[in-house]
Every structure is written in structure tokens, then in C-alpha cells.
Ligand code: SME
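Presented below, as C-alpha cells, is a lone chain in the form predicted on its own.
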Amino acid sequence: MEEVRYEVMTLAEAAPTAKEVMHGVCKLLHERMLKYNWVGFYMLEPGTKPPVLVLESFVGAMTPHTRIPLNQGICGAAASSGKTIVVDDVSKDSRYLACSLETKSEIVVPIFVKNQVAGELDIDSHFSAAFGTDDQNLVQYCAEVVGKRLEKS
């Protein structure tokens, strides 16, 4: 995982825009982390009332959930609370918005810009309990890198 972390850092330094960093992170995590079957960024849409998360860059199957209100789903819960949420078995979490019958577990990590939630990094896996401590640390690092890049934009 240290190698992937280094690649994320290198990517963030080389990419000309935050959007390209997000796309690169999606692609990298999807390709390098075998249990990461869907990787995407949802960002808060500025000025919407009530606030809505909008799908930005992603790699994986198409999803019907391109706009998620903050009061819905695991994504909405993570953005509302500002805390990472790891779900080992999505079938046992009533907040889960079904995207794919193959999804078994999910991790959602908020992205902070100037100490405010600006979006999140969402990853689904076809494996139950796919996200351990090392995965959580890696995904939180990726979210932090994107947040810092967004602050510069």
C-alpha cells in the first residue's frame, strides 16, 4: 500500500488540475487495489438547498446514483457527519443505496477543504469486509491529498 500511496502523491504533484487528480486517483485505486471494484468522487454542489452530492470522476460500472441528497445513503451519512464510514456488509445497513447486486462492502471518506466537507471518496467492493485499517488509512490519505489540491484551486 505504501507504493500506491507514493503513486497518489506523485500523481497529485504532476496533475494540472484537481479534477485530473480525482480522475487519476480513481483509475489508480481501481487498477492497483484488487478489491476496489468501484471508485468515485462525489462533490457537494455549490448553492443547492438542501445540499446534494454530485458524482464527479469515477471508474467502474455506471450508477443510477449521480445525485445524492445529504439525508440519503451511506454517502449522505459520511458527508453529513464528516466521518469515515466503513460498512462490511451493505445488505445489513439500511442506509445503503443499492447500485449493484455485486456490491458487498463500502467505504466512504469525506474530503475537507478549509475544514469544511466538500465531497467524498466512495469505494465499493464485491467482497464482504474488504476494507481493513490499512485500506481506511490509504483511502483517507487519498481524500486528504484531493482536499489539499482543491484548496489550491
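Note that the structure is predicted; figures quoted are calculated from it, not measured. In case it trips you up, residue 1 is the first one in the sequence shown, and so on.
What follows is about the form predicted in complex with the named molecule, which we do not show.
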item: One stretch from 92-100, 43-51, 111-119, 22-30 that, in the model of the complex, holds residues within 4.5 Å of the named molecule by heavy atom; value: 92-100
item: Partner proximity in the model of the complex: H65 to the named molecule, non-hydrogen atom cutoff 4.5 Å; value: yes
item: Interface membership of W38, the named molecule in the model of the complex, 4.5 Å heavy atom rule; value: yes
item: 4.5 angstroms heavy atom contact with the named molecule in the model of the complex for A79; value: no
